[in-house]
Structures are given as structure tokens and as C-alpha cells.
Ligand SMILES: NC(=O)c1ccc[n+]([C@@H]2O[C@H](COP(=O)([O-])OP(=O)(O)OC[C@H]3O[C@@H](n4cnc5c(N)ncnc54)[C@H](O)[C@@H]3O)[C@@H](O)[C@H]2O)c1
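Shown next as C-alpha cells: one chain only, the form predicted alone.
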Amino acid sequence: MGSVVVITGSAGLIGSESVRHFAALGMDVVGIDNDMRGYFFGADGSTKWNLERLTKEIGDRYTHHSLDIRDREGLDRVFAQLGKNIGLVIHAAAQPSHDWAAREPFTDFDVNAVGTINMLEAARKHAIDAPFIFTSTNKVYGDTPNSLPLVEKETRFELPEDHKWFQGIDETMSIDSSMHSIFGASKVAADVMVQEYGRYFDMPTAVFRGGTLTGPGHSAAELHGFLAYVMRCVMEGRLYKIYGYKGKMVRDAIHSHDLVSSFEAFFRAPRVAEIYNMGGGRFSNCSHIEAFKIAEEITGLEARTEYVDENRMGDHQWWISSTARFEEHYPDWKLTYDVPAILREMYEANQDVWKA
């Protein structure tokens, strides 16, 4: 088994958490990241700060390539050079915002869908036995979750307790016949392709369909990074726009540490063409209203919010993931961070940076 892990989007939220995690296990890490986030979201979104921190922290165990995943030949060269030394591939690079995707559909599709097949093909040619982990999204289900029989409560929408998905939506929900957003569609293409390479070429691939992925490594920008951006706005006195559903839309949130520990579980006992809904489940979820209340309690500051009546197209009104399938396959894994713990950590990590 190879001792090198190749990580795309290595300066991003999940990528950087993965770099630290697997370097700490004694593996050498090869990172691929060209800070497209700065192009997508401007200075707020740039991951340059995270890369500088990583390079200092990890030292010789980390090798960085400022390479675009749309560069097929470039990827092939990196993989050919490493060959059988590759023990794991984590593909976390993406254009992650559904608002942004509609501005440049070609860029979105080329990064998300074509970039993923470039990665799969490089892995198939040079490291076919290495587990291949892909960070997909719950947006592959489109707006189907919005057809659930939701009930309006004081601070959130909620499913009736006797509903089959009250404990969380599982992988049997259809990804068909719904509105996905341009971003959701490019991620569907990638998601299905990762499964297909697993089935067709018998590769150990896994699709992790995340909801709100979060943690202190997030370069929080308005279009991407819900909890981090909530905390940033409260700390800096920025105005936060809440889009639709009375601020009662529900999200489950998973900390990058908990997600990456699920990657490790898969890495140690890989399976072929797996799909997992991955999120905070019933353990870690909140509505927008609830998130601001918690952030206000932690900071002692008042949140400035503006309500925009129109919800974002294809946005989920209620999403809580069921991680039951993953837990059945990997019973030792469990969630450790809930929403208040996530927000508190963000507050503590950014006290010197995010100031009014």
C-alpha cells in the first residue's frame, strides 16, 4: 500500500483538514490547489492564508502543486511520478457555490464534472487500488427535500416525528426530476462518475454527500460558508442577508474534523462505489434564526440581519442527513462537534482577525 495521499483543494476547508490529519498519521501529502476560491469569491474567499499556515506547520511532509484540476496532462504527470506510492486520493477541489455557478456555467462544469473525471482517470491509470474519496453534496438531490411535509415551528421548519426521514434523509431519496441549480447538476455528473469508475473498473471509490461542511479552516465568504460567515458577520458587525423561508430553514452541520475522520475510516476499510450522506444529523443542526441566537450568546454582540423575502433557487428548506448507512459500515465512527461547539471554536480561532 502506498504511503502518499494526494489531496485536491488542499488549502480549502476539507482539503487542509485532510492534509493535517493524514500527515499526522505519518503519510506524505501531495496537495493540488491553485486558489480558484480567490477567483470565485474574491479576497474573502482566498485560501492563500491557509496554504501558508499549512506549509509552515506540516513542513517536509507536504508537497504543493499549484495545479488546476482542469489540466489533464498536468494531473497525469503528478500521478505518473508518484505511481504505486499513492495510497489514498481525496478529491475535495470544486466550485462550491450554487449562486456562482449560474454566472459561468462552463467554468463550473469544467471544474466540478470534468475536473473529477480527470482525477478518476489519473487514479485509474496510475493508482487503481488506492481508495478514491470524493466530496459530493446534498445538492445532488435538487429541491426534492422541499416536497417533504414540513411543519412551521417558532424558530424552524421541522418534519413530523413519525416521518421516515425524521432522523435524517438517507441515500434512497431520488436525485431525479427536481431542480438542482447549475452547481447541483455539475456535482451530480461528478458524483455519478465516481460511482461508475468504482463499479465499472472495480475501484474503491466513495462519494460523501455533505451538507453544511464547516470548521475554522473555512475562508468565509457570503456565497459560501454558512456558519463561518454567520460568526464573521456577528463579530465584524457586518450585515447578513437571510434569503427566504423566514430564516427558519434548517441545516445540519458537520465539522471538518468529523468528516475527515470518516475519510480515515473508509481509507482503512475501503469498499467499492459507495455513497454516503454525511452531515451533522440530529446531533448537530440549526436554523438561521437559531444560529444567530447562538452566535450572539457566544460573542455578546448583536447580529445585524436583513431579511430578503425571496429564497435562493433550489435552496433546501430543511436538510438533516442520516449517517446511518455510514455508521452501519463503520460502527466506530461518531460525531464529536455540534453547532454551538462549532461556532464557539470559530469565535475563538478568529478573535484577532474578525473585528468590527
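Just so we're clear, the structure is a prediction, and the values are computed from it rather than from any experiment. In this text, residue numbers run from 1 along the sequence as written.
Below, we turn to the form predicted together with the ligand, even though it does not appear here.
Checking A94, V207, L88, A122 against the ligand in the model of the complex, a heavy atom within 4.5 Å turns up for just one residue: A94. For the options Y276, F183, Y141, F266, the residue carrying a heavy atom within 4.5 angstroms of the ligand in the model of the complex is F183. Look at 315-323, 22-30, 39-47, 299-307: in the model of the complex, residues with non-hydrogen atoms within 4.5 angstroms of the ligand sit in 39-47. Contact annotation: P131 falls outside 4.5 Å of the ligand in the model of the complex, judged by heavy atom distances.
Shown alone here, I58 lies farther than 4.5 Å from the ligand in the model of the complex, counting heavy atoms only. Interface residue remark: L67 is counted as part of the site for the ligand in the model of the complex, having a heavy atom within 4.5 Å. By the criterion of a heavy atom within 4.5 Å, T63 is excluded from the residues contacting the ligand in the model of the complex. In the model of the complex, not one residue of 311-333 has a heavy atom within 4.5 Å of the ligand.
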